[in-house]
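Quick setup: one chain, the form predicted on its own, written in structure tokens, and binding and motion questions come after.
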């Protein structure tokens, strides 16, 4: 099962018309600290409407991937005029990329919607070049609020238990140790962690200036080595393993980075289509590629 934001008002309801200036700002602080400023090619998995896309403009090629076509169309409205951008509608469990084509990747506010984390991380790891960087953010079940509520018997579930907790359908919180182990099993070596959004509170937002909250959070992020007790955790990971197939992707350019998500076969461009060797066709309108369903 996949969490689908197709046709939603996510951009306006969750960001533009909501009091989330603090969350947006501190996530940018964390991402800037972890993400290499420049590189060959970067992809954001679950990019939505392109909220963070300006942080990727040091890269030669920028790919925004999401399952929602409508959110990607909103991203295209803003960034479609920049020839470095590609917009890709695809399923995270069946990515349409050759192995090793990405020198960097990010996934922010997305993995908490993913039911099969190991399968998704395997797909992501395969797309990243050897020694390429991957910044992952995840929702932390072992945060101060949940631990306090559990200690006071105001919640039944134990935040110290390692398994993911699904608090609403397709909305998961994760134990840091569990998530770091899944990254390792996917061939990704965690190099750094940041503890983000400690001050996520409606009361604080009403009484404390956003700039001061962001400054304080930037300091608190660096306490991660002392313990990950924040609602959000950022991790910087590198592709630890090298496979024979990775060499194929590193030299790819343009539309050559794509592979059929059903078969893994190479694709050729034919007008507004990407076609595999068996004749399976996927829509490609300019720099917008739709790999959700064949046409």
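Not measured: the values here are computed from a predicted model. Positions refer to the first chain, counted from 1.
Just so you know, the form predicted together with a small molecule exists too; it's not on screen, but the next bit is about it.
None of 180, 195, 108, 75 but one reaches within 4.5 angstroms of the small molecule in the predicted complex through a heavy atom, and that residue is 108. Among the residues 99, 136, 92, 104, the one placing a heavy atom within 4.5 Å of the small molecule in the predicted complex is 92. Only one of 47-55, 266-274, 252-260, 34-42 places residue heavy atoms within 4.5 angstroms of the small molecule in the predicted complex, namely 47-55. Interface membership of residue 59, defined by any non-hydrogen atom within 4.5 Å of the small molecule in the predicted complex, is ruled out. Taking the partner from the other structure, the small molecule in the predicted complex has no heavy atom within 4.5 Å of any heavy atom of residue 189. By the criterion of a heavy atom within 4.5 Å, residue 200 is excluded from the residues contacting the small molecule in the predicted complex. Taking the partner from the other structure, the small molecule in the predicted complex has a heavy atom within 4.5 Å of a heavy atom of residue 113.
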